[in-house]
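Here we start with a single chain on its own, the form predicted on its own, put down as structure tokens.
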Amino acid sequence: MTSVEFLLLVRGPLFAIATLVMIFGLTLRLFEIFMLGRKANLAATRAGGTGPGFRTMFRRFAPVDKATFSQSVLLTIAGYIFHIGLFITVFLYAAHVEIIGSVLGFRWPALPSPLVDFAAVLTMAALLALLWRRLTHPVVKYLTKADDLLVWALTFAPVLTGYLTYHHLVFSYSWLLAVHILSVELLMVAFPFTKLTHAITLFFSRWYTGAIAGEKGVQL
């Protein structure tokens, strides 16, 4: 198989399959979550929960308190860099905006490519730092399972292959682009069935936590 044939394969049938699997998996996961139901609140309702739910959803994005930060400086800093950098790389790179926009039917402004390239480097550095912590910290190492390493690899691969593709490094551009797209498709397939789903479910869980607390008159 030539690089062009491989590229056509991953951009065509494999991308369609990956998209269908991801949509099906996310639908199934969300259905499972909402089917869990909600226990009856036996306490007296003191206030509405909608507002506190949304406030909690967005307040949790703010940096942690000093005590927590001092206990795990590397985890906190690398975690923020990784998440922000990955968001920039995925959603604010011009080529990605064009691809995603063609599916959604609308587009948004992209950042300059050199800035996105720098964000990708920071993202990879942060991911490597988090991997080093996972493999060296006694408690985290003990709790690490094979699926944790798989999720890390599936997240790291698209950033690395995208960086190599952008700079035309190591292999020919067509091969690099094909491998990059394939790594994204593997991430899409795994997304609904691994811990990666937290990128979506965290909004529901945070809102639910804040709403319940708000109804009880608790300030989070």
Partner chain sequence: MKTDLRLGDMLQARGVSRRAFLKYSSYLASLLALPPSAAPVMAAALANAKRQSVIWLSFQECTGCTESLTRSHSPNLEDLIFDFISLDYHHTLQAAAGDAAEHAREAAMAANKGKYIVVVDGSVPVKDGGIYSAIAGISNLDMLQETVKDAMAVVAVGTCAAYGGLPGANPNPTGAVAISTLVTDKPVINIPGCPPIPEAMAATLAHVITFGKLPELDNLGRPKAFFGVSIHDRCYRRPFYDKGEFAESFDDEGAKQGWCLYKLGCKGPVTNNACATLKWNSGTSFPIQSGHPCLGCSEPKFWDMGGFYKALSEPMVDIPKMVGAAALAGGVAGVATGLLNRSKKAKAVKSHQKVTVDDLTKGDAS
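Residue numbers count along the first chain shown, from 1. As the structure is a computational prediction, the values presented were derived from the model and not from experiment.
A second form of this protein, the form predicted in complex with the partner chain, is not displayed here; the remarks below concern that form.
**Student:** Can you pick the stretch from 145-153, 75-83, 99-107, 131-139 whose heavy atoms fall within 4.5 Å of the partner chain in the predicted bound form?
**Tutor:** Correct option: 99-107.
**Student:** Answer with yes or no whether Y166 is in contact with the partner chain in the predicted bound form, where contact means some heavy atom within 4.5 Å.
**Tutor:** Contact check for Y166: yes, within 4.5 Å of the partner chain in the predicted bound form.
**Student:** Would R11 count as touching the partner chain in the predicted bound form under a 4.5 Å heavy atom rule?
**Tutor:** Although the partner chain is absent here, R11 would touch it in the predicted bound form, with heavy atoms inside 4.5 Å.
**Student:** Is the gap between A125 and the partner chain in the predicted bound form 4.5 Å or less for some heavy atom pair?
**Tutor:** Looking in the predicted bound form, residue contacts with the partner chain do not include A125, since no heavy atom lies within 4.5 Å.
**Student:** Is there a non-hydrogen atom of T19 within 4.5 angstroms of a non-hydrogen atom of the partner chain in the predicted bound form?
**Tutor:** Judged by the heavy-atom cut-off of 4.5 Å, T19 is in contact with the partner chain in the predicted bound form.
**Student:** For a quick check, can you give me the residues of 17-31 that have a heavy atom within 4.5 Å of the partner chain in the predicted bound form?
**Tutor:** Contacting residues: T19, L20, I23, F24, T27, L28, F31.
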